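The structure tokens that follow cover one protein chain in two forms, given apart as structure 1 and structure 2.
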Structure 1
């Protein structure tokens, strides 16, 4: 391809050659010839197609929102020597290119391999495709260029940010002892010692630690670890409305973060966790435990995009097959869902232990002028009403401000 410079040189050279005779000027004639000759010579330099292979290596195999990773771009020349090659690694908009130096210029000798490194800041969860890298081959004076793409793509999954949750009791009143109870780091009634505390009237005498009493003359009782396993079902709202806001500040993102934090918490405390997603369709991942299951859930959470308008009632059918009287945690904005009241009633009627988390970005949306004050007040009042109704049904309901930490906010509700 010709650059503007080449066109200018060729045009100017031709004009000079044709114009010089009119003023009998050898200087201009020779300059015109030189310009044309320069273009002609450069059309032969570093313009032939090249054979380059590009591969990527990531410093981290698992990435979470807000983390940074190093990408090593291995550029390997498999053909003729290349003087000046621009390499531009195409990145999804969410991953760059504010501070990302995914653009480099290299000189490659025959069969030479070079490493170009850049840092990638992952602000937003998602499954991204990196590539295909663009190559632009310039000749030394920028007169001609040749552009091509290298067939090299890589998948990068950025999991939602996971917040630490501790000592939260959202599990069932009816633990599934038959599966083989496993001690969890919480106060309970197993034989495994957990901690020691002062005696309160009503405590069982057999739990009094007589050794400590003998030493300190204070009545202290032993506490034991609680043993239970619950099946926990997370129900996640991915309707189109949950994507309202900015790409980073929207209810769906916060819902995914909450779901990821709860997933990790429950799985680490040896419970089994399932996930039901509703929005465009209803999709269920059945309850399971273990590290592999956690990454399966996190990957699904990373991929979620806001779409559809199916209401909460569409998940009732799937919940019927779920372990009775187990905890169900609904994470939803609750906005513009006419079925939410009946659905909540039905879930509690089935005996599930319902917890409702409503990520509230209305305040942010109003301050950013995404919604008008009138819409804010209406939506806010509606959300309060729904929360109140859920509480009246015996559910633990939380209007969660995503700027605050989820764990303590949930603990307030559980108490």
Structure 2
């Protein structure tokens, strides 16, 4: 293939050859012929394919959003000596910011191996396949080159970013009891002291700490560890509308981060967590506990892409098989879903303890001119109405600004 240098030489030589006779200038004619001859001779210089093997290694092939991994490219020459070889590691568009130095130029002797290293910062969740490295071999004059690809692909998984959540009580009032119940480090009823807080009207007088009252003259109440295990079901909206925005700033990405944070919190407090996804189809991952189950859920969250238009009502059938009166947390943008009102009424009618989290990116979309001001105000009013209706049904509903921390925002609606 031709380089820009070769095109420039050939084009300039052609112009001189064609223009020189009109001005009767022999020197320009000879110069043009010389340039064309130079290009023609160097086109015969060997740029045949080379035998190169490239092995890619990661310092960590499974990481979270915002983390960085170190990529090592082991370039091994298995053929003739190579004077100038350009190696370009092909990355997915989501992982290819401008500052990534995934490009190098090397010289290799026969059977020589070199190491090229660069750092890759992953800003967006997903399960990525790093493509085959691209090789470009130049001839000595850098007028022509030959391109080829090396058969070497690797997988990289980027989990959603997990936010720390503490002191959140979204558990069931009717927990699923197991023989030999264990403390789950959350406020409840048992004989094991957990913490102390201020007295609120309606608290049981037998829990008042009279010793503290004698010292401080303030009514304080003892809290104890709760000994139960709850089944928690997360319902996640993956409809096509949830992908509105930029590849980074869209409701689906923020929903996955919220689901990941809640999954980690509930599993670490020894509850059992399940996941129901609706959009193009309805998919359910049954409730379970443990690190292996957390890895399974995080991997599924990393793979999600916006697609389909199924409404919230499509998950009702799966929830009917879920533990009665257990917490159900719906994470949805709530936009363009005509079934959301009837679905919320049916979920609460079945006695589930409903929590609704609506990631709100409308302000960002308006400032970025993704949507018009008229669409913004209409969508914002509809979202407020849906949140108000959910609260009227007894659900804890939150219009969540993703620029704020999820934990404190949830604590406000749980109180």
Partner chain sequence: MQVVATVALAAGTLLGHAITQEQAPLLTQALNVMLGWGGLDSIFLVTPAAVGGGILLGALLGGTLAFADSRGRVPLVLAVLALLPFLLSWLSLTDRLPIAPVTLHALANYGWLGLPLLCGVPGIWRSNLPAIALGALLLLVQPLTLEGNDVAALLPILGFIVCFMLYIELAYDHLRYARLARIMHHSTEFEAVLNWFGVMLLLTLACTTALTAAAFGFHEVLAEVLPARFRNSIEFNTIYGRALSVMVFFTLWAIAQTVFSRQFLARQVE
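In this text, all values refer to a predicted model and were calculated from it rather than measured experimentally. By rigid core we mean the largest C-alpha set that fits within 1.5 Å across both forms. Positions refer to the first chain, counted from 1.
Of the two forms shown, structure 2 is the one predicted on its own, while structure 1 is not.
With a cut-off of 2 Å and the rigid core superposed, residue 405 has a Cα displacement that falls short of the cut-off between structure 1 and structure 2.
Once you line up the core between structure 1 and structure 2, the Cα of residue 209 ends up 2 Å or more from where it was. When two forms of a protein are overlaid on their rigid core, residues whose CA moves 2 Å or more are considered shifted, and residue 218 is one of them between structure 1 and structure 2. A C-alpha shift of 14.0 Å is found for residue 18 between structure 1 and structure 2, based on superposition of the rigid core.
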